[in-house]
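As a starting point, one isolated chain is supplied in structure tokens, in the form predicted on its own.
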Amino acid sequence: MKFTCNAKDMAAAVTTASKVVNVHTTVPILNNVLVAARNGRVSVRATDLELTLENAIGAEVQEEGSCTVPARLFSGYLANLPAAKLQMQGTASRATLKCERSNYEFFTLPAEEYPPLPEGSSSGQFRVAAKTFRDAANGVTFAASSEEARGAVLMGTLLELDGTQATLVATDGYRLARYRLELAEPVSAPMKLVVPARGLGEVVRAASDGQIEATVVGGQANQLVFNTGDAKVSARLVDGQYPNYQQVIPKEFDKKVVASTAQLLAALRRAGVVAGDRASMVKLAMDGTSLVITASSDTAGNAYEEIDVERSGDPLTIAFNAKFLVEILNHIEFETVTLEFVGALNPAAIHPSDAKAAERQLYILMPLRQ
């Protein structure tokens, strides 16, 4: 293998791919990235067997081939190169890199030993605008569980496909996020997939403008492969039944508050400082045209915030985890937000006040016992 490319382009491709390298792996070759040169392009791939990232850049390919290079050494070297031409030659045992007057040699492992891309028959595919998918994934993945004890399913994101509509859902048992979006064209058959939230996060980072094309690779591979621009992300689907999230969403609400998103968010952030790190409890008291937010701590003191709101229904005092509420509001990009309630111990709904946006974006949050 022999090629010439821009050093900064190569650095960006290696850095991006290296994010999935597991430094604690016991399989030596998984510490490496696979570099392959062919047809005027150089691709850089990394995998931890659950998630695979591949980026491609333009290059002058003098000799087609491939080799694997230690990710940490490679990215560290490339990150400190100037914006100049990089020459690279690779064999099964060595990679030689030259940039201006810099000349390095790294030990490599044979490309044949690197895990291949997932293979199998396609059991479905869909296309969606990249920005739309980024917004949707960003709007739900934060609500997925980060605790392995709760199971791999809750650490994933449900992706439902039906007709021209896709629905992304994530929950950790305390909060639920749902986001609906339109596909570029109808899917051939309805599908329900549980995608690791980490995989969707990498799609968000890798997605360029334009379209994202996704293919479900069935069989033993059981992967969802996203293609966007020069990047490819393959995520192993989670095997398991996702909870029936529809049961968590109350059918009716009899109390409602409409508030300025910015004012409510700022008040909750301030009160959260006093609420502390553990339960992080804040109380919301709704009466008249005011929403009063309070928090107290034996070590920090007391917090009191009051903002003007539009309110309907009976007065209510309800408690929430301040961090969860702030995180939800951080993902609502509309001037006003609506909070709907049933009672002090019932799940609350939070969504943009705009009707179309509310149909697209919905959050359910469990209250805390006061």
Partner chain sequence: MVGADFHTHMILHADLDAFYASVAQRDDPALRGKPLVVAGSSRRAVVLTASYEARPFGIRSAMPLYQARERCAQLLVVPPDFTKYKETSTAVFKIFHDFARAVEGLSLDEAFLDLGDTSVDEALDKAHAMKKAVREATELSISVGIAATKMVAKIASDDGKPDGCTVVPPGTEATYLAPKPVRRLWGIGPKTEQRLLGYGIETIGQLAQLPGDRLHALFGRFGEDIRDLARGIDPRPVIEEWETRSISSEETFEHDVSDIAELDRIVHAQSAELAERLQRKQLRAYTVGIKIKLADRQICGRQTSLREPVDNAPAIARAASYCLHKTSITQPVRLIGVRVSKLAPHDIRQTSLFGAHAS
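Computed from a predicted model, the values in this text were never measured in an experiment. Positions refer to the first chain, counted from 1.
If you look for the form predicted in complex with its partner chain, you will not find it shown, but the lines that follow are about it.
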Partner-proximal stretch of 182 to 190, 122 to 130, 240 to 248, 102 to 110 relative to its partner chain in the predicted complex, 4.5 angstroms, heavy atom: 240 to 248
Contact test in the predicted complex: Glu306 vs its partner chain, heavy atoms, 4.5 Å: no
Distance check, Leu86 to its partner chain in the predicted complex, heavy atom within 4.5 Å: no
Contact test in the predicted complex: Gly173 vs its partner chain, heavy atoms, 4.5 Å: yes
Proximity of Leu368 to its partner chain in the predicted complex, heavy atoms at 4.5 Å: yes
Heavy atom within 4.5 Å of its partner chain in the predicted complex - the one residue of Ala79, Ala266, Val273, Ala279 that qualifies: Ala279
Listed residue (Glu310, Glu60, Glu64, Glu327) with a non-hydrogen atom within 4.5 angstroms of its partner chain in the predicted complex: Glu327
